[in-house]
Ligand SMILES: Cc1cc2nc3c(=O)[nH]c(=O)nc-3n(C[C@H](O)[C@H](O)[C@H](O)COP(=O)(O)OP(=O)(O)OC[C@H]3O[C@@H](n4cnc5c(N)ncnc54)[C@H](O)[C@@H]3O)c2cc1C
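Just the one chain here, laid out as structure tokens, in the form predicted on its own.
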């Protein structure tokens, strides 16, 4: 079999070696445009799992590689004048040039034909003359470009600027340095090697403020050496190819072209941000999978390359997901500079979603114990050192004069069991049952402020004395079961999503005309094509609805609730004003975000005026419409900031459902990510709503400042029992 390989980096060399070793009669030829001994990178990093795969694939190179390894365990973080170390993160690294030497020698030994300083201008010709063409030619792959109609690549760039340097300064472990000067905040990723790798990253604004867009190489290096003089200790920075870049994000719809037997691997197929140290690791694991594909299907090249992609894609996509989280963290790390160093570091360590609170405890129990003690001191507002501290989930949260005893919350979804707004026994019993489970906060399901504000005929309400009495009875029963749990009520007006059948019949299915009631919304736009067309609210409607909210709030206070939440999301009435997808008004309540916020803020102010000062008000705030030209995260930042100005104490972050044809992201982490961004951008306490099921989830989110409260769905509690 005739195999051509384009690219002489670790991925291309390792694929050539493994295929030739396993198939000595194959003719394998490698082409590389650079000289054999040339490499632009500095150090590379491997994890334990990669090392075991290398050992299985080729023991000889594994031995040579590990002989040159420098191994380390801790991660050091320098931030805001403090230094924090967390152990248990086992890494091994070496110089990229040394790895290439080992692989090149081994390729030569097994008989791979290698041509260096040879440009390949026509991959089509190479594909035509071979049974297999491997494109291992990096992020700017000419192989991928030549067959782009088949691979359908998607290539974008990260927002931050970065540059790679080397230094003789011996960094002994993975070291992250965050240093702020008059130009902005700088991030350093440094790790050991025969020469240490020193990556500098910053926002484009910081880069321009420092004049690095105009400085020469010598001036640029001098600037950085002066800025980080205390960490470099007099050692110089070295550059092989001075230049600042934005990180290329490479994805392809497919990595193989089985008509021509062409396959991509490494950066040509996919990239992962350098902050998770996986580029070379992924390329070499690709090479192993390609070799294994031919072991599985020795007589069928097409089956072999399909097997390769099928085996590798899930693992690569998981790494790319972690990489995306990590890259975005470093691109927006300014958002987290309000955090104290201990929480800043915990947030950084858990940024990619691959490491949780419990995982950190396994890796470095002493670090987590110290973090727990710090978190308890901070929460309790004391400097007193205690030997024993409970994890973040079990720490209280103060909102005005209300103390939520811990950070877990139950918040059931809407049910349809009420009669004329009077909650049923089952709905009331659910509140008291959940209140006896020991969580810090129990919310009601959405409770309507008026009969025409109900979602379904069975939506519970709070618009008459009989409703208030029923809820007061439930609060009293819950207090008997547990007098520590904070009880919250969520008020809603369904707006355009009202007058629908119970969810058991399907979502947003309208009631028959004889059973329905007239609907209100920001504009006369139906929620679905079969929904009733609502009336666009006039001034009298706005006044009446505002008064219904205020009246309901008074009843909620009399019933004994501790916390009030207004629903601004999911396409309900107040959400219909926020979103440009549903607000088509041309008066002072439509158009700009400031105008679209006007009525929801009017309602908020009316509510805040009658709700006791000592009790907190929360808003269920959408992060995005998940729809083109809709309300987005930037709008959410602005809306959250305005709510904070008006006295909002807590934001509960939701997304989507503003329109029936939205494009939701089915990612279990996405709502948590939105919550973290809004919480730290707006600096208001926030409650996350992604589906957390374990105490580890809650400790990770609360400890890492993703959320201050977390809606929790443990397996042993049926929160949505109705």
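Numbering follows the first chain given and starts at 1. The model shown is predicted, which means the values in this text are computed figures rather than measured ones.
The same protein also exists as the form predicted in complex with the ligand; that form is not shown, yet it is the one meant from here on.
J.: So the ligand isn't shown here. In the predicted complex, which residue out of 357, 191, 572, 463 has a non-hydrogen atom within 4.5 Å of it?
T.: By the 4.5 Å heavy-atom cutoff, the listed residue in contact is 191.
J.: By the heavy atom within 4.5 Å rule, which residue out of 480, 245, 154, 484 makes contact with the ligand in the predicted complex?
T.: If I apply the 4.5 Å criterion carefully, the residue I get is 245.
J.: According to a 4.5 angstroms non-hydrogen atom cut-off, is residue 9 in contact with the ligand in the predicted complex?
T.: Flag for residue 9 set to yes.
J.: Look up in the predicted complex whether residue 31 has a non-hydrogen atom within 4.5 angstroms of the ligand, and give yes or no.
T.: Yes.
J.: Though only this chain appears here, would residue 265 touch the ligand in the predicted complex if you measure heavy atom gaps against 4.5 Å?
T.: Yes, residue 265 sits close enough to the ligand in the predicted complex that at least one of its heavy atoms falls within 4.5 Å.
J.: Taking heavy atoms only, is residue 617 within 4.5 angstroms of the ligand in the predicted complex?
T.: Judged by the heavy-atom cut-off of 4.5 Å, residue 617 is well away from the ligand in the predicted complex.
J.: Where, among 281 to 289, 344 to 352, 231 to 239, 522 to 530, do residues come within 4.5 Å of the ligand in the predicted complex by heavy atom distance?
T.: Within 4.5 Å of the partner lies stretch 281 to 289.
J.: Kindly confirm or deny that 603, 631 and 679 each have some heavy atom within 4.5 angstroms of the ligand in the predicted complex.
T.: No: none of 603, 631 and 679 comes within 4.5 Å of the ligand in the predicted complex.
J.: Scan 128 to 156 and note down the residues that get a heavy atom within 4.5 Å of the ligand in the predicted complex; none is a fine answer too.
T.: Read in sequence order, the residues that approach the ligand (within 4.5 Å, in the predicted complex) are 136, 137, 138, 142.
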